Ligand SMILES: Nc1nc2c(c(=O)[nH]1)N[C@H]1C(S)=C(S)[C@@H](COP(=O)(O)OP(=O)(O)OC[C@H]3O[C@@H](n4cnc5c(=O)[nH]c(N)nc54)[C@H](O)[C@@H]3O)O[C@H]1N2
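The form predicted on its own is given below as one chain in structure tokens.
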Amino acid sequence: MSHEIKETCLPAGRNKGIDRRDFLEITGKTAVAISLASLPILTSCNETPTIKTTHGACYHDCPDRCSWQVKTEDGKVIGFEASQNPYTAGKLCDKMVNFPNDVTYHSDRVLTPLKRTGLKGKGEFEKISWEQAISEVTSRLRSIIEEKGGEAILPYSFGGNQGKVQSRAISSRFFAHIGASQLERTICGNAAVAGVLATNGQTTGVLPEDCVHSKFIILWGTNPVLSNQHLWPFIQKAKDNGAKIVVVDPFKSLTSEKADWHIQPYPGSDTALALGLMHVILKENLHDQEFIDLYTVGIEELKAHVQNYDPASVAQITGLDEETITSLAKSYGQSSPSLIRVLIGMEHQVNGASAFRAVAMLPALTGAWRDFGGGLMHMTYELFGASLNWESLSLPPELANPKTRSINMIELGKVLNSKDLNPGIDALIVFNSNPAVTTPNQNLILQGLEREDLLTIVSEHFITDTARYADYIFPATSVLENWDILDSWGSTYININEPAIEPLGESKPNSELFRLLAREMGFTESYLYESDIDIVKKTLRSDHEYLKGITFESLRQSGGQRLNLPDRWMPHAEGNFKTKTGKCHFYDADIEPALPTYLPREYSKAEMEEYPLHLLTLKTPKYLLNSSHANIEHILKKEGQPYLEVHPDDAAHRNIADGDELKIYNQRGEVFMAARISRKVTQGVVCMPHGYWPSLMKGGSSANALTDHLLTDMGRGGAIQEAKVEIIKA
């Protein structure tokens, strides 16, 4: 049967006459509570309703990690709102205010196992029992392992669920146990981390709340108004206190519109810009010689290196005026406390790690680390890495250090279609991910997913564009229906997630799916069957000072608690870098190249002539998060029609008017989208929103149909922004 079938998969007792789409247009915290309260509560006259409050947290790939509380009455959600976590400040982001209706209670949610009946990609399935699905899947997996070995099986997951239990705890043990290929989960974050680690030896710098003490803030390649919404009030407070806010971004984002100064370099030129700033700082004697002498290595090599990055040379690379480069360097060097905020944005280029490496040197060059609120603000995950009991989540000793091959997730399309890989991939098990949308070289991935000899298994809430190609779909619980523990890569709060309701329909947590597979395959090892709640409890059993006063029970009461960190967190005021020397590395002979160097991608003359426009594919939608929520009707209505941002000069050259339907194309694919003529991009650059599902787009393709599976210089991340295209009227 097709997934279009209107059969309800609702749990017993739900009023099948209720059209939940009536509720979907209602947004805002109060309105959400009203809509949830309107859901039918079916109790007999003799029953006393039981109202319960449970705490949870957002599972999305976001630096904020919002805390929330859920009110239920007799097992049904009647209230959903932010908890009073001081960082998220009682407010959920625009993407999550209506989450119970958008996901948990959505009428299109998958609530039973499904088996494919039609051609791959058609999305045609029939309902089957868990017993039948598990039996058939394990039979196929056994045959693959016996014939070709475990490496013919590839797990594919990423940040669709960042809860520690549902993202990795049991699944990683299962795959290691069967000897599956390992997945390099590097598409986002790894290049940035590699660059900052090369310079500072750690990513944890200035903590988010402490930016209120800064007087000059550079938001480099990040758009917090949209993608880090709970940091923005702290930045705004700093601005109210007199701080100047500067945005460095090739796209005129919502944040840049609210900043004091927008620096708009050409995409991929961040390394050159950072080195150019260093050139000016050193030339104008704005550096902190004492800090350099005490806490850094390689200053003489850096001085010689940046001679190649004078303002005139950097202006040619970045497209900026020489005056802009000089003025930014002087303003930064003369301000105190000065802060640079980076996240992920500028890593998606071939020299992405070098960009982070260079930017991370600036606070040491100027001595900004000496000041409270000064330095570099990046990630916070290391705080949890130091304090939580990772033994509960890591592979048990007998599975540690697996010898199986590693496959980079960015190269999924290439791998699925490879004739040389031995063994080839015969089974793909996807969970917490939608690679048909989020992974580069989309058409190559779809070509691989179409293989009839590929067993594809998907655990999901909806029939996503990846799930349309599945042989079997298993219904996953939503975050309101399972236990988990969530750290954060962008804040200092640890959160517990307690199930607010029983799983709807026949949905099960990811962890339970892998327990059932293990049991059916006859595995008896106890580490494959540890319960979710036990993993959560064990993860919190730590005597680390950061976790003092934070327990399973305290988190059940509050939902989230801040780690016990010093009141004045100043990690590098006196050096203490986590590099091999204990100092900030301007130069490192063990890295190639030894200094960050601008090495752009080389395009052939023919390619430049055929595809002259540089394509940015950015997370500009307000209500989508990667590909999540991109199938929800009222959200797509709020987002409105997706547009390609085109500079007026590029549009005039091609006789394109605002609103014209365009074909955007290159050697990998084509996407159809309306034109929006604006100066949000510079001449020669176009920008397309990322996250839309191909199946819901005209022509059946979205942004990643145009991107390539290139890897970054360090960290083996995805150089997704390295794409050239041409545009014509459709």
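Numbering starts at 1 and follows the sequence shown. Predicted model, so just to flag it, every value in this text is computed and none were measured.
In what follows, reference is made to the form predicted in complex with the ligand, a form of this protein that is not presented.
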{"query": "Contact of Asp249 with the ligand in the predicted bound form (heavy atom, 4.5 Å)", "finding": "yes"}
{"query": "4.5 Å heavy atom contact, Gly205 to the ligand in the predicted bound form", "finding": "no"}
{"query": "Partner proximity in the predicted bound form: Thr617 to the ligand, non-hydrogen atom cutoff 4.5 Å", "finding": "yes"}
{"query": "Residue contact check: His305 to the ligand in the predicted bound form, 4.5 Å heavy atom", "finding": "no"}
{"query": "Contact segment among 542-550, 472-480, 134-142, 413-421, judged by heavy atoms lying within 4.5 Å of the ligand in the predicted bound form", "finding": "472-480"}
{"query": "One residue of Gly559, Gly448, Pro100, Pro267 in contact with the ligand, assessed in the predicted bound form (non-hydrogen atom, 4.5 angstroms)", "finding": "Pro267"}
{"query": "Residue (of Ser433, Asn497, Ser354, Ser491) lying close to the ligand in the predicted bound form, criterion heavy atoms within 4.5 Å", "finding": "Ser433"}
{"query": "Interface residues of 222-241 toward the ligand, as seen in the predicted bound form [heavy atoms, 4.5 Å]", "finding": "Thr222, Asn223, Leu226, Ser227"}
